[in-house]
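The form predicted on its own is given below as one chain in structure tokens.
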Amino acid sequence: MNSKTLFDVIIIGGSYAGLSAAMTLGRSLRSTLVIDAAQPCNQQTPHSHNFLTQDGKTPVEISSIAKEQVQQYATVEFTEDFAISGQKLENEFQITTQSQQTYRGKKLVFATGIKDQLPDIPGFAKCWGISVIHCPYCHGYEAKSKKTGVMATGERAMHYAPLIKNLTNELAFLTNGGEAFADNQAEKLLQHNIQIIDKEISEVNHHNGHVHSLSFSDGSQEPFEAVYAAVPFIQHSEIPTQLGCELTEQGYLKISPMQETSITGIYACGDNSNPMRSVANAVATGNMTGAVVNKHLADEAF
């Protein structure tokens, strides 16, 4: 690949959102480079759900089919590398990768996702995406009717409560020694026979990533088959903020309804800019981003 080439678009991140944007741009004859480090956040998840035509497939199956289809478009190129820095030049952007390659593009699309900050609890990371889960739409059906714990407190817990209660009657909220529930919140949970366990979790006990119980700091243990966890995150790539892109209060890239960041010529799609964390949403926002970028390129040349 000639690093002196000026691409119409450089897409950083080649999972669902990035591939969706690349397909739209490839079908619009835009010279597009996809830089992907092959480090998707769902690589440990055994099956992906709630996405029409692909329900129950593994994440790698879906992305492999998607990449194979995108590769049919001759104007789209791929490189497996990790983008480490970006620079705004007069009428273009320049991206430098870990292998010290530089690439130039008229527009940038960040489909870089987010990086979960998992708690330092033994067993937690081994179960993440398998039986320690984050989304009742992605995983809830598979966990229905199981003894379920939810690691959340406050308003986030009250958001989860009715959604997960709809899927199982064996439900407990786990404060993990953190913020206590307000009296009215605790009363609401207890009205629905939802247990509150106000103890610090010392270990997630599991077999090959499948939870069977939780151990607590007081030496007690409780059986669980599934655990929801609301964990903090950071942006997977620091390049957008290096280039001046704003973040929301929650830590997502701030975008317009047309997927535009606060910096002209830079766009974002997928989990890095949207709390609706699903394959379907990533594909949808990537598709929109590709169309918006193509429209802007077309208008500029017309």
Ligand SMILES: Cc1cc2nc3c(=O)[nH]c(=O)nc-3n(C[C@H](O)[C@H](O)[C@H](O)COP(=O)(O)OP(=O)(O)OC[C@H]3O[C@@H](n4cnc5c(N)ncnc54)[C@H](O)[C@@H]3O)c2cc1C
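Numbers follow the displayed sequence, beginning with 1. In this text the structure is predicted, and so the values were computed from the model without any measurement.
There is also a form predicted together with the ligand; it is not shown, and the following applies to it.
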Exactly one stretch in 170 to 178, 216 to 224, 146 to 154, 104 to 112 has heavy atoms within 4.5 Å of the ligand in the model of the complex; which is it?
104 to 112
What I'd like checked is whether C41, S48 and R277 together line the ligand in the model of the complex, meaning each has a non-hydrogen atom within 4.5 Å of it.
yes
Counting any non-hydrogen atom inside 4.5 Å, which residue from H159, H212, H134, K199 sits next to the ligand in the model of the complex?
H134
Is it the case that H236, even though its partner is missing from this view, gets within 4.5 Å of the ligand in the model of the complex, heavy atoms only?
yes
Exercise: H139 in contact with the ligand in the model of the complex, heavy atom 4.5 Å
yes
Taking 4.5 angstroms as the cut-off for heavy atoms, does A282 touch the ligand in the model of the complex?
yes
Give a yes or no for E92: in the model of the complex, does one of its heavy atoms lie within 4.5 Å of a heavy atom belonging to the ligand?
no
Check each residue of 242 to 273 against the ligand in the model of the complex and list those with a heavy atom within 4.5 Å, in sequence order.
C269, G270, D271
